[in-house]
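The chain that follows stands alone, in the form predicted on its own, written as structure tokens.
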Amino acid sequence: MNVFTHFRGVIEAALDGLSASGDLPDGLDYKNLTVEPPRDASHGDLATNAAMVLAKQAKSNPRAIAGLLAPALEANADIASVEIAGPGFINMRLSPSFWQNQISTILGAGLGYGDSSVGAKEKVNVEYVSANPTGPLHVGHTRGAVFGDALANLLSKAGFDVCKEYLINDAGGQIDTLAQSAYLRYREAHGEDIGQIPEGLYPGDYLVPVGQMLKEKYGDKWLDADESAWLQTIRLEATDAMMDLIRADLETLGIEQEVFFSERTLHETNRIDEAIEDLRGRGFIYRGVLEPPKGKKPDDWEAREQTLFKATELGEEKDHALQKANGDYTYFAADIAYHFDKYQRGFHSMIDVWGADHAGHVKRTQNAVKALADDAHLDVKICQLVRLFKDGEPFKMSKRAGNFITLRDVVDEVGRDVTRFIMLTRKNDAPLDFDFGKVTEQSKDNPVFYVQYAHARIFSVLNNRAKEMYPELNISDEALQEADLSILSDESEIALIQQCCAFPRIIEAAAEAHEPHRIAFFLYDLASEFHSLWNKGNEKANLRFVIEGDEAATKARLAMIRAVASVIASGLSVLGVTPVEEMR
């Protein structure tokens, strides 16, 4: 249950009652009414602007409306006190029993706690990674892969109908280079000394097995053949082999995408023509001549008539070419067709996760999507660079792929869960420092350890301390829901429960903002609240989770910390991280 949404409903019901009694006019519009945490936590648990936003409609003074609303809210058993502040804000403090009862709600929901219907099953396409299929994924792809996957998980939890997609960039010149590189390894597989890999080809050893596969499948068929004879076949074979490699890399991160869309199919069908004709019908395509680039004019620039996208109609400084001089379509034309295809598949809401080197293409792609349909929307999330360190010093890992550090190198070094969590400890558009020393140390400064340690500590209490002192105590989630939760009255216990109850709101807000890092931040704060209460128990015996001679208090505390573990596990599932029950 989202506490804030729940009490918004309570407030709206109270306002409806005041309208029914004639104290307020009928038909008030509640759309701008908010229920949020007060800026100052000492003012209570919830704050609403209801009286402020309804004053003009009701033709009344905000404090007068607040004066009517406050008694109606105080009549609610879950609200302990109501206070009118400033020009008409209403602060509310909820009863301890309301917070205590949320433990049963959390335990009943399990990993489903925080699930929301706010997405209303809207179809959303999240396209991420989409690296050129010319080799294994490198460390730069790792961040976008984790971010995109966590964002898709987050949107699913918030009630959206999400498709995880990978665009295979298999239509450009880089695929010819891949085929030529694979052909060189094919000759090597036949015993030829190929010497140093020529400049411009891909040097990584990952193409050695591809050469061997080509030898086994095609024998010596192409050893003395012209490039025109083997290029197309090896293009396809090498691309398939690289995509198998990429899928295996993604699997090491626990990523499984439902759709792998081939850019080549856009060129082999009339999809690009369809998209351009659709835009032409909307007045966004014309034949014209572009102005020369600002500054120094390139030597190969020439004024010529081209098919252009009218980006200036949408606020850009210049229009964009859709065809090259030889008549081939530009990358931008293919991008338009790809998003046109997504829209035709029913995805009116699209999210693309790109690397920092593509930031310059954001505006034009968003404008193209906007031009395709009034109800089409594209959000592009840029993932900034990852800088590798070890103990504060720049870290040079071995480059097993030939000239770059692979995703698998990083996962092999620290593990999947650490990699995923750390990649989400910064907002996607901020650079991220990945320190191999820090991410494996056992300290509060290492967020993944701190969160996992909280979860493991809870299971240590449940499986060891509690069983040793109360071997017959039923500590199943169902049994713990029946605990006398009114025992949990210390302010630090209520604070821990309140932190748990913030999770559904965090899920909805993070999903709306497309910011999965908020979940990592929340989990760190929840772990901090838990560790703080643990430390208080070391100082004050009456706050310990297992109390000798007081089974009722023990059961209530076990219910509380089991709820904390459930929320941690639910949050980690969004991040794609496995919660641990013991630290190794």
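Counting begins at 1, following the sequence as shown. In this text, all values refer to a predicted model and were calculated from it rather than measured experimentally. For clarity, a rigid core is taken as the largest C-alpha set superposing within 1.5 Å between two forms.
Keep in mind that the form predicted in complex with the RNA is not shown, yet the notes after this line are about it.
No member of the trio Gly17, Lys390 and Pro471 reaches the RNA in the predicted bound form with any non-hydrogen atom inside 4.5 Å. Partner contacts here mean any heavy atom within 4.5 Å of the RNA in the predicted bound form, and among 481-489, 344-352, 144-152, 173-181 they occur only in 173-181. The RNA in the predicted bound form comes within 4.5 Å of no heavy atom belonging to Lys59.
In the predicted bound form, the RNA sits within 4.5 Å of a heavy atom of Ser443. Put simply, Lys164 is far from the RNA in the predicted bound form: not one heavy atom of it is within 4.5 Å. Taking the partner from elsewhere, Gly67 is found to have every heavy atom lying beyond 4.5 Å of the RNA in the predicted bound form. When the RNA is considered in the predicted bound form, only one residue from Gly195, Pro87, Gly288, Gly191 comes within 4.5 Å through any heavy atom, namely Pro87.
The listed set Phe160, Phe284, Tyr206, Phe449 contains one residue whose heavy atoms approach the RNA in the predicted bound form to within 4.5 Å, identified as Phe449. In the predicted bound form, the residues of 304-330 lying within 4.5 Å of the RNA by at least one heavy atom are, in order, Arg304, Gln306, Glu317, Lys318, Ala321, Lys324, Ala325, Thr330. Core-superposed comparison between the shown form and the other one: the CA of Ser60 exceeds or equals a 2 Å shift.
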